[in-house]
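We begin with a single chain expressed as structure tokens, specifically the form predicted on its own.
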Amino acid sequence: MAEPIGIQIRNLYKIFGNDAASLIDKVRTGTTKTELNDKYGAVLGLNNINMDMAAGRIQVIMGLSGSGKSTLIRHINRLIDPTAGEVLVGGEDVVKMSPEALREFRRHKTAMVFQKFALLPNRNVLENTGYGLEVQGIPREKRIETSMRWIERVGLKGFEKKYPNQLSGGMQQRVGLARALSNDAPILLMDEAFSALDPLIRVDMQSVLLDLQKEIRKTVVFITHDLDEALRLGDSIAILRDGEIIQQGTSQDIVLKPADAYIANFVREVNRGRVIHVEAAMSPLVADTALPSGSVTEGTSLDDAMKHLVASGADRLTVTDAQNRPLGLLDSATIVAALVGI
């Protein structure tokens, strides 16, 4: 299993149009996306993007249509060249790679899962899964062994001889995921990967990804326009608008401390009980206070903590860390206050 590697994006700009490089200084000095289009006929895709994507974690990038999220993910494997800036993967700038080095980087360091599945219709599940390995020149026996392992891991064992038109949309996306994972690339790029799926299948695929991530520890960059999906999947979330990052942080940061009215609008209808963790609502420990016998560990959602309170019949719980050390106290009143945003 390839070791995960981090991604750093520094001062990244993308302007679509003629003589884009000459317009960078105008953007840096405050020319807006609308002004750039009106005065120069150019489109501002990304505006001074700076991000650190931690190795082995899921980085979600979300925003509405036209926010720049798909443009951003395509800079990581340089399907799009930036107008200015750096994309550092494991400390190496992808922007400066030679054509040969870029081909090797794409083959061995990144894998991509698309919204439209992108399966080859004349190849069965096994052949589609092993396609990347075939391109790399991996011997057939090894390709089959690796492909079958991932086909089984994504829940498609027994379907390896089926063709894409014989599979549901969710099954086809599982093939796309298995194909990406079979390359054992440390970076997995997922561009609206589940957006074309029905809601229940989409939730199922999110569960598949989360379960797999516990084992594979890839650096996953996941694009979505769905806040619930972002909050469920992301170790870290970046929200874009008009090519700019409006807020970065954990799900807790986004829900509890929205950066502006735009983010607040996003999170207004979120089920806070599923997102907010107990440590955000607990009361601090007071010396010599008797601790209740019931407990929940940090990272537990408020929904689950309330269920625990009700089931146990207790009026308070101790919040503990992973080593069972007490961190604070939680009762129904503090849970309700956190849920309604008091």
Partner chain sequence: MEFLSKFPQMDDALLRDLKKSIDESFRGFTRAYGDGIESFFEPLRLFLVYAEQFMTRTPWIVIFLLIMAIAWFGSRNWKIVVGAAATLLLIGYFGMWDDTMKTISMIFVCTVISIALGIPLGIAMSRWNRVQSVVNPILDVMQTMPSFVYLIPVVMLLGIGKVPGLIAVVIYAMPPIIRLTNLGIRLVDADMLEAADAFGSNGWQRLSKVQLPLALPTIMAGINQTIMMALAMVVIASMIGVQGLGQPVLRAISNQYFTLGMFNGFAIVGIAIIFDRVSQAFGKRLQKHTEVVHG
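These numbers come from a predicted model, not from an experiment. Residue numbers count along the first chain shown, from 1.
Omitted from view is the form predicted together with its partner chain, to which the following refers.
- For the options 183, 224, 206, 83, the one in contact with its partner chain in the predicted bound form, meaning a heavy atom within 4.5 Å, is 183.
- Between the options 241, 149, 217, 106, the residue in contact with its partner chain in the predicted bound form by a heavy atom within 4.5 angstroms is 106.
- The stretch from 232-240, 127-135, 207-215, 262-270 that comes within 4.5 Å of its partner chain in the predicted bound form, counting heavy atoms only, is 127-135.
- Its partner chain in the predicted bound form comes within 4.5 Å of a heavy atom belonging to residue 165.
- For the chain shown alone, residue 200 is not a contact residue for its partner chain in the predicted bound form, no non-hydrogen atom being within 4.5 angstroms.
- At the 4.5 Å threshold, heavy atoms of residue 122 reach its partner chain in the predicted bound form.
- Residue contact check for residue 118: one or more of its heavy atoms lie within 4.5 Å of its partner chain in the predicted bound form.
- Residue 74 is the only one in 59-75 with at least one heavy atom within 4.5 Å of its partner chain in the predicted bound form.
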